[in-house]
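Following this are structure 1 and structure 2, which are two forms of one protein chain, each written alone as structure tokens.
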Structure 1
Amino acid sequence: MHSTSQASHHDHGPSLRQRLAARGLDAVTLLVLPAALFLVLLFIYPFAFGLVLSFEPKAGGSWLANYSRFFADPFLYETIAKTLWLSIPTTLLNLFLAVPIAFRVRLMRNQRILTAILILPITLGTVLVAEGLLNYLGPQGWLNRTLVTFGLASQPLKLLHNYWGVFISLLLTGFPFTFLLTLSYVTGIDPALEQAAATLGAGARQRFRHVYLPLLMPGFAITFCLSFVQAFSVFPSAVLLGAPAGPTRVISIAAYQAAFEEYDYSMASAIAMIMGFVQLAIVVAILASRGLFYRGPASGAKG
């Protein structure tokens, strides 16, 4: 009787749950499925739909007609250079400003209060920042009134509806994001490394150059990429504070005009694909260059 039950059990074999677990599909792994489905519905499907749509020109013709039209028209392809000319300098300047401030803030007792003040522009949003700049930097704004009143300028400075208006806006809205990422990397380095370098006679500049900089470069690369992608997708600032038909006609404006002025969603999708490819190329180039500065483990200097 006992041997019969053993044979019966052997015939049935492992249960379905056991077979799934053997393949790595246990109960914990299945919890990832909702997130994966959300990712597919929100990101992958729209991207795939837009990619296919970009190869279906509204006027017909070759499947590459939209891309040929974009790169044949200077009014369209020059938007790439104009967007890069805004996004790369602002990203570099934000990173350049965030580093010394992060090193200073990490030593302060009231770090949370100062950090909250520095990240305030995030809570305001791009549109509110743009409206504030219109009031402060406009011809009758507080800055120009002060300069003219005290004789520091003979006439109001033109800081809006040009390149500089968008540049300043991107600095204000991008700095908090860059600063928070930089601060997290700076505070994550073990202070014992700096102390050891100081004990060996290294000055402040030498400690930064030979200790901190090699360890921070991978983090700086990631910070640059994330901040660059944010700046490259600029749209409200370019419209409200720039010259949408001139030096601040960024690629997002070209996509908007194709979709909502020309009602050519196929062309708009092609511009969006080009926009994504340019961002991807910059990000891949930056991330690939990280190994030139530091080849150790990413967490090797964490305290």
Structure 2
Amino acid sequence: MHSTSQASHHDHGPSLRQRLAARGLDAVTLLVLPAALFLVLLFIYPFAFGLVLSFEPKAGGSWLANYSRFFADPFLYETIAKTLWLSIPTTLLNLFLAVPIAFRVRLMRNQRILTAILILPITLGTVLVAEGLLNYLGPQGWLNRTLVTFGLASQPLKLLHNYWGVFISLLLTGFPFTFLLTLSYVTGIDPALEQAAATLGAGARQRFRHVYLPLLMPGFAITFCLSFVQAFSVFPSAVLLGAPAGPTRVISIAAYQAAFEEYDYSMASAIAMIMGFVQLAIVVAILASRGLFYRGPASGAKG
């Protein structure tokens, strides 16, 4: 019995194992399975579960009840505009500041110290930055004290528990992230291209406008997307530094309250899905417009 089946294998060419190995599936490939299964279980499944759950309202009613409630209640749907109103200006400002600084830092020999300093707010995290800013931006904090002492402000500025508190914390934690991403794109471009442009008589502005900008546009688009997505999911600083019932009631606060204050996981999932959808929509819009820009090699033309 056994020998006949082996014989038939020989007749029909390589065994199943060999055929799979030829396609790249063997014991080594199986090593990917534990991690992949783990993520399917704890990342894909929760998303699918949340999506289904969002169509099964806690209070009953039609399957779209959560979504129609979200878009009917200004206290809920306004969170989208409020979050965008925080995240888009801060992301744009971060990017506009990061680009000239990255162009300057690119020329530095020892970038390590500067990048190490800038990594600080990212590693310390938003909670600690919020805690620090509560002291620092307060009416008696060092910032207001300095402003009043130097006569730059007649009275302490109100920077806490409003829009600006969250805005400043998003700058402080967002800028290093945007800057380091931008720097990695800027340094990835062959300086020979700029030298060639300079040889041909292009000034600094022309070199930036006609050489760097077209090459960097795709990188800037990705930087904007990643920074925006981070800023859009702002949570601890919006609670601690902002006015979580008023102008900085961002969408993550609405989702959190639905889940952990009203224990309505169905509604919370619906809000999380809307949050994900808005992020996705903006990212897709940005990346789609990437097709309008130059795409090609960013190194010298020797390769």
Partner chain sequence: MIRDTTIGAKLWATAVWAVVGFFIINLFAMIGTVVVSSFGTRWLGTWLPAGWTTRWYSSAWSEFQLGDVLIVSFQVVGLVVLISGLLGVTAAYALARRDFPGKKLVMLLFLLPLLIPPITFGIPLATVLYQTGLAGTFWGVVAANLVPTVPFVILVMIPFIEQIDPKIEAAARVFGANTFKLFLHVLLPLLLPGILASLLLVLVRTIAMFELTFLVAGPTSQTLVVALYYAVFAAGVRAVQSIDAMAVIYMVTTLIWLLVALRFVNPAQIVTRAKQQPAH
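Just so it is clear, the model here is predicted, and its values are computed rather than measured. Residues are numbered by position in structure 1's sequence, first residue being 1. Definition used throughout: the rigid core is the maximal C-alpha set that superposes within 1.5 Å between two forms.
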item: Selected structure - criterion: the form predicted in complex with its partner chain; value: 2
item: A36: Cα shift of 2 Å or greater between the two structures (core-aligned); value: yes
